[in-house]
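Just the one chain here, the form predicted on its own, laid out as structure tokens.
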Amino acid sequence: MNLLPRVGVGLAAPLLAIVVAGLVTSLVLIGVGDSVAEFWGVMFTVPSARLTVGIVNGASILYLSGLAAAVAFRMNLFNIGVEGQYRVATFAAAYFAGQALLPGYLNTVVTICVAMVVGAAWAGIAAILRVTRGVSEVISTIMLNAIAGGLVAYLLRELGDQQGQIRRTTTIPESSWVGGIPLIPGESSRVYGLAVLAVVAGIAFAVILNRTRFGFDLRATGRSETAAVASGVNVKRMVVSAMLLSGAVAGLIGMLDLFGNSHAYGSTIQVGVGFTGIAVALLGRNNPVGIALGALVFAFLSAQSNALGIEAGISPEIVAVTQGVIVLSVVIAYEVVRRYQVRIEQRDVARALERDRAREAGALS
């Protein structure tokens, strides 16, 4: 295939997914008696400056969550426990930072390291169970999510402070806060200062995956454990390494809001981020750039959903349906396009072989 058809095939999958998702969502709206025109009118309204900043902040968080899931996915491991790893790591980091054992930004840097270590350790439990007892990481991480929720709730009750109706850890000293980055001139809302962590993590993911021996071994193991073993890869070590790395990235998820907005871990912490990250990773095909686009799409839909009830009288929950349909549409569309691409390549090979045979026949005659 030459370049132009390849580009066309590459664009066909996301375009097909968007069309299918739009049609299915419209049918759902018709089925529940809501206005299709009002729904899409609200969803495609240009967001305000304040909302735009919120979308960037939300996308930064979802990007880290998507990366955490993608690290494991690239090795054919299903780390469903990003949510639990994120919550345990964020609580541990908030409690440590609130003790103010270190001054200023040194407290910030060490706290980020603490979050990564705790996230990796929590993911490591599932890795150890996988390599020593053969326990599926899907089952163990799901169970660890439930344990994480109960453990954090208990620790928050025992170690946190009651502030009005909310229970929180001790507030982080102001000297350790990370200021925001101005995105839009004249807008008071700012992008999280630690959103740069998402950029750094994305670049590191791409470099490690595509430019290092570890990344090659990880991808090779994900595609075929048998072939990886034959080439000398220690599969058990790769399983543990991939899960630890995935958990470490999950530990970063809560750092953006912790140091940029909430400054403590409380009972109002955002939940579901880890599960959404899995969908973002699937939408982005476990590619750093694709995950970024997927995070922006999900953040945009979530931000716009707040106006549905006010402007169109439509339940915001319909956005969750749209997000789910998008993920399913992408998976199906990429499979359809992949099969079509394989057929085209097989046809091109067959034509090339036919031309070679014709030349050989001509030369012999």
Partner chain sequence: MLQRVVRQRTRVASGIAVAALILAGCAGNDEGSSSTDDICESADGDGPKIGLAFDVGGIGDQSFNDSAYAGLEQVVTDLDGSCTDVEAADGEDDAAREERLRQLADADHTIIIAVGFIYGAAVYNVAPDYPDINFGIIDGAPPEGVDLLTNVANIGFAANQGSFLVGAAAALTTQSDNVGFVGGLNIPLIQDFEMGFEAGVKEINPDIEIQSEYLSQDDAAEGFESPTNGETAATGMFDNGADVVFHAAGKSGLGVFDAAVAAGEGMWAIGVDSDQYLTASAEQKPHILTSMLKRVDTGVIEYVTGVADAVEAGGEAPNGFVTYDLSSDGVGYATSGDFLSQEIIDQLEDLKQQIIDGEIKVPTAF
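Remember, it's a predicted structure, so these values are computed and weren't measured experimentally. Positions refer to the first chain, counted from 1.
Below, we refer to the form predicted together with the partner chain, which is not included among the displayed structures.
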Tell me, out of Val297, Val28, Val337, Val327, which residue has a non-hydrogen atom within 4.5 angstroms of the partner chain in the model of the complex. Val327
By the heavy atom within 4.5 Å rule, which residue out of Ser231, Thr212, Asn234, Gln162 makes contact with the partner chain in the model of the complex? Gln162
Residue-level question: is Gln99 within 4.5 Å of the partner chain in the model of the complex, judged on heavy atoms? no
Would you check, heavy atoms only and a 4.5 Å threshold, whether Asn306 touches the partner chain in the model of the complex? yes
Tyr192: touches the partner chain in the model of the complex, heavy atom cutoff 4.5 angstroms: yes
Contact flag, Phe275 vs the partner chain in the model of the complex, heavy atom cut 4.5 Å: yes
Stretch in contact, per heavy atom within 4.5 angstroms of the partner chain in the model of the complex, of 196-204, 265-273, 241-249, 120-128: 265-273
Check each residue of 52-91 against the partner chain in the model of the complex and list those with a heavy atom within 4.5 Å, in sequence order. Phe73, Asn76, Phe78, Ile80, Arg87
